[in-house]
Each structure stands twice: as structure tokens, then as C-alpha cells.
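Here we start with a single chain on its own, the form predicted alone, put down as C-alpha cells.
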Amino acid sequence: MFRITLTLLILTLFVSPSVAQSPSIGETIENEFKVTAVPEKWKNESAVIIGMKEEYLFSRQVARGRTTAGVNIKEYVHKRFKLQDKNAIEKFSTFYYVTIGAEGKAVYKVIKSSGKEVEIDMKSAIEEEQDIPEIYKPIYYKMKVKSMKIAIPDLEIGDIIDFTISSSLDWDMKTSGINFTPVIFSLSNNYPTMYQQYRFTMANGMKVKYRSYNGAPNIKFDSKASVYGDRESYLSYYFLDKDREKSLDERWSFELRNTPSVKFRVVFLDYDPGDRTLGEATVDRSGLDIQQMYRSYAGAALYNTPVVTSLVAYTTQYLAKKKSDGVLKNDGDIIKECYYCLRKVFLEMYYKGPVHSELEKYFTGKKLYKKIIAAEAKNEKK
């Protein structure tokens, strides 16, 4: 026994300390998720979000000791609500959950006013093919997802519901590309939110393009949650938001324009399976560079086709008339009238059919245009 123990000790000493272990997500439960009371100012709200947290881990796939052209994405979602009236009981009587990839699991419990915890058996959950309420959708809802639902019995006013969702997805960059879908979402919810956190941990060779709008918090680096190694490193970034009022359902209120919002995109810098020298994960907060955008799209100004020429001529003629009428007083007026002009052309063609102009011939193509005219003539004879 002593010989076996000594052998294991020697092997441990000779293992390279520079090989980073892959970090895990969902292990830390913040004190904010243990709260049972809500602020006095929200006592008349139907429900209050005590806490919500979404964590994502992006790691490079490894097969037979070699990295491959793929990424594994792990997702962990934790949400905690307090129900304060009958309407909330009705709204939350069905629990929906979404997992990325084919497999995933959810853990759901109800905390009664007495402190008793009731865990719901998720074996009877069934797949939901219809769209689900926004409050249950994770920020990566646009990826390959699977939606489930289950009825929650015996809910009462004052109950706290607490659930977690864990899932993962393998992303093959040879077929799916190296840029993940851009994600943009608002920090405002249908209910007041006491605490929310979003965290992204990435292996080397990746970066996040991140922007915050309308007062949303900036992303921060977490050195304690990061893991370093010569071959692989994992850097962790997060942002917090607290004491957020609910969003108002107004007819002309555009959520992403009027509320604190975040936009980010994960980019894999290289997917060469043999490349172990990729740089550490980084965050790009720079946003759009006007000069870079100009260099990228300057060539479009030289793209000359009959359609472009016709549109330019049509719009120029339209603006000349508006100028003679005294409508154009500043640059904003010019932009607005250009939009109105182009919208008029496209909508007339879409809703009214042919307008029998030279411009339309270019849009529809000569062969299709002739068929349209022939069909109209045939209908007129009837």
C-alpha cells in the first residue's frame, strides 16, 4: 500500500503544472440567490425576479489528445422568482425550459413561505413546439435549441420558484463557421429584477466583441475565475446588473433602443487543429471604426449596374422636386426623403404589382416582366 501511494506521489510531482484544467460553470451560488424577501417598493408587483444568472463556457474540442476544429459550448442558467398574486400563479403554473444541443437537464424546486422546499420531478416534461414566454428564453435562444414544458401544481401566493438548467452544444467550425451568432438583449424584463449576472469563460484563441448601450454595465475581467496554462488558458469575463425596474409595454417603445442593452459576439480566431500557440481570449470593446468601415465598403461605390443607376436617377429626380418645394432644410430631411422615395418604389411593386417603369424591368428581369404583362392582358380580356 505504501509503495502504491509513493508511486502516485512521484507521478503527481512530474506532471507539468502548466497544463490548465478546464474550468466548470454552475458551481458558485451567490448570496443573492438565497434571498427570500423583496424590496418594499415592489410589494404590489405580480412577481419579482430575485436573481438570474447565465454562464457560458467555450472550450476547444479535443479528440485523442489533439485539438480539433470544433468548440464545445456549455450553458448554465439559474433563475429565482417570487410569486406575489394570483396572476403570477397562473403565469408560472407551467414551467418552460430551453437547452442548447440535443441533451440537457433542469432542476426545479418551490420554496414555500414556511421554508419547506418541494422539488419537482422533471421526468414528465414534454417537448414544446410552440414559442415559449420570453422570461424563460436564454440569451443564446437563436442557436440549436430544444424547448420543454411541465405543469407545476399547488403554487401559492408567496412561493419562490428556483430552477437551474444545464446543457451543452458541440460546434463544428468546418461546417458552421468560426463566428457565433451575434447576441443582443435587453437587461429589462417583464418583472422587476433584483440581481442578474452574465458570465463568459473562453479558451485561448477566442475573443468577444462586446458593446453596452443606454447605461448597461461594461464587461469586467475576473482573474480569480480564470485559469492559466502554457497550452491552454481560460479567461473569464462577466457583468452585473442590480435593482432593475420592469420594462413597460408601450406601443411605440423599442426595447433595444430605450432600455439598457448588451450586444456581443464570440469569435474563434483560428481553427487549425495543430495550432497550440493562439493568443489568450480577449474582449474587444472598440465597436465600429468609421475608417475601417469606409475601407471595407468603399468598393461598393464603384458597383455600377442598371438597377443602381436607375435608383440613383430616380432618387435624384425625386429629391430635386422636394428641394424646389422647399421641403429639404437639413441633412436629416435629405435622409428621410431618400428613405421615403425608395420605400415607395419597393412597396408599390410589392403591393400593387407592376408600375410599368424602366426601373421595374431591371428589378424583375425582362423574361419575367413579359410574363407579367401577358398575364395582365389576359385578365383584361376576361
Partner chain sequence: MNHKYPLAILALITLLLCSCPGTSAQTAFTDKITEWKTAFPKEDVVANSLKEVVDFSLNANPSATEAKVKASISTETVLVPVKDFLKYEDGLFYNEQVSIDNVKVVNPDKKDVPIQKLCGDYSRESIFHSDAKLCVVKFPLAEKGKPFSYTYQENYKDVKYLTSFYFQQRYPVVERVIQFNIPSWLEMDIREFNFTGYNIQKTSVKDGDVTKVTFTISNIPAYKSEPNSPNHALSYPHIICVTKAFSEAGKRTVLFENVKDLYGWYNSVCAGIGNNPESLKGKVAELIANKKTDQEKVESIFYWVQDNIRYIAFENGIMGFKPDAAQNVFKNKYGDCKGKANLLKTMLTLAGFDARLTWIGTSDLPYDYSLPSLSVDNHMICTVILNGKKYFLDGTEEYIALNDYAQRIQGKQVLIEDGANHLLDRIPEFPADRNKVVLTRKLAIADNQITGNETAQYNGESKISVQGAYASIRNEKKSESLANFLSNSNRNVEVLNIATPDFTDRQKPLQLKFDLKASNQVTKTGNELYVVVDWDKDFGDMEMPADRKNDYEFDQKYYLTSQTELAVPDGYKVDYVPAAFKKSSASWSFEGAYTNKGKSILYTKTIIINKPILKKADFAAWNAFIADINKFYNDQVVLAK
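Numbering follows the first chain given and starts at 1. Bear in mind the structure is a predicted one, so any value in this text is a computation, not a measurement.
The following text describes the form predicted together with its partner chain, which does not appear among the structures shown.
Want to guess which of 84-92, 209-217, 230-238, 254-262 is within 4.5 Å of its partner chain in the model of the complex, heavy atoms only?
It is the stretch 84-92.
Considering 155, 187, 73, 111, which brings a non-hydrogen atom within 4.5 Å of its partner chain in the model of the complex?
Residue within 4.5 Å of the partner: 155.
I need to confirm a contact call. Of 324, 330, 31, 44, which residue comes within 4.5 Å of its partner chain in the model of the complex, counting heavy atoms only?
The residue from 324, 330, 31, 44 that makes the contact is 44.
Do residue 151 and its partner chain come within 4.5 Å of each other in the model of the complex, heavy atoms counted?
Close contact exists here: in the model of the complex, residue 151 approaches its partner chain to within 4.5 Å, heavy atoms only.
Verify the contact flag for residue 223: yes if a non-hydrogen atom of it lies within 4.5 Å of a non-hydrogen atom of its partner chain in the model of the complex, no if not.
No, residue 223 sits far enough from its partner chain in the model of the complex that none of its heavy atoms falls within 4.5 Å.
Wondering, does residue 191 line up within 4.5 Å of its partner chain in the model of the complex on heavy atoms?
Within the cut-off, so yes.
Spell out, yes or no, whether the shortest heavy atom distance between residue 128 and its partner chain in the model of the complex is within 4.5 Å.
Yes, contact at 4.5 Å.
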